[in-house]
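Given next, in structure tokens, is a single chain: the form predicted on its own.
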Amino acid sequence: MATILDGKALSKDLKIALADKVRESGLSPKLAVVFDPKNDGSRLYVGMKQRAAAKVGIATEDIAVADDVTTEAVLKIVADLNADPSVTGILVQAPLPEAVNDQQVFSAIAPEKDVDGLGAFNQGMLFGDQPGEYAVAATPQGVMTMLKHYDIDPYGKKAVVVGRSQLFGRPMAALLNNANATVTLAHRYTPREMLLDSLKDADIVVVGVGIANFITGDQIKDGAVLVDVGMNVVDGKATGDIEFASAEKKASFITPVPGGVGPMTIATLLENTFAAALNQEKNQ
């Protein structure tokens, strides 16, 4: 049976350590979150981040946008937050209403305040494997922190990332590549036989396509490390993209849903927010 990658327990330890760092720094980090209140997932996630931030000493400002908001209006909100010295981190919680170009908004965030690392500058730094202080998207960075905690080294391993979003798949593939894994980036439109062929000898599989039980235990290599970024609801229960019961029997390590990647995403976002505040203080 696989060892459980317990993101809930690890994130708790990270947040305890972060609270000490925030208190000792004497800084007052503040995270501004722009979101669509009509999106149930966004509203839930923003509430979770708000409560977690308060516990570690990070203030939050939640900015809800209207149904008919335009890209130009959101860009004005971001410009005002960029100019506000009291705001040390900005997060745009996607998806925003349909008329808004999310990618354009991400890249309008000042790089030093882009705590989810989704702007073109910070993603360029990541894809270029550049040295320096810049934020990486919280979900894939949280996955890397979890792998390190459990002494899982991607070096020389074959990794398959299923999902190509700007928030998860693309930066996840870049991080694994930068850690010297050989990476295949697939997605929900990859021909099924091609995907299965990639999975059968993958040492590390990270999946986030939003399709319940998209990958099953019979499709993976014995001893693979499985990281499930999916969050679906089936019969009223949270379910990942990996069929847990069958996969647990073959994997060496596996994340549960819930309690795996989700808590790590929030903890990493808060760490990024504090790091941004430190860097801004240092560069003043």
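The first residue of the shown sequence is 1; numbering continues from there. Remember, it's a predicted structure, so these values are computed and weren't measured experimentally.
Unshown form predicted together with a small molecule; subsequent notes refer to it.
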Q: Could you tell me which one of 136, 144, 92, 209 places a heavy atom within 4.5 Å of the small molecule in the model of the complex?
A: 92
Q) Within 4.5 Å of the small molecule in the model of the complex, heavy atoms considered, which of 64, 234, 48, 54? A) 48
Q.
Taking a heavy atom within 4.5 Å as contact, would all three of 191, 199 and 254 count as contacting the small molecule in the model of the complex?
A. no
Q. Among 39 to 47, 211 to 219, 56 to 64, 245 to 253, which stretch sits within 4.5 Å of the small molecule in the model of the complex, heavy atoms only?
A. 39 to 47
Q. Taking 4.5 angstroms as the cut-off for heavy atoms, does residue 272 touch the small molecule in the model of the complex?
A. no
(Q) Within 4.5 Å, heavy atoms only: does residue 22 come near the small molecule in the model of the complex? (A) no
**Q.** Non-hydrogen atom contact residue 266 with the small molecule in the model of the complex at 4.5 angstroms
**A.** yes
Q) Would residue 238 count as a contact of the small molecule in the model of the complex, using a 4.5 angstroms cut-off between non-hydrogen atoms? A) yes
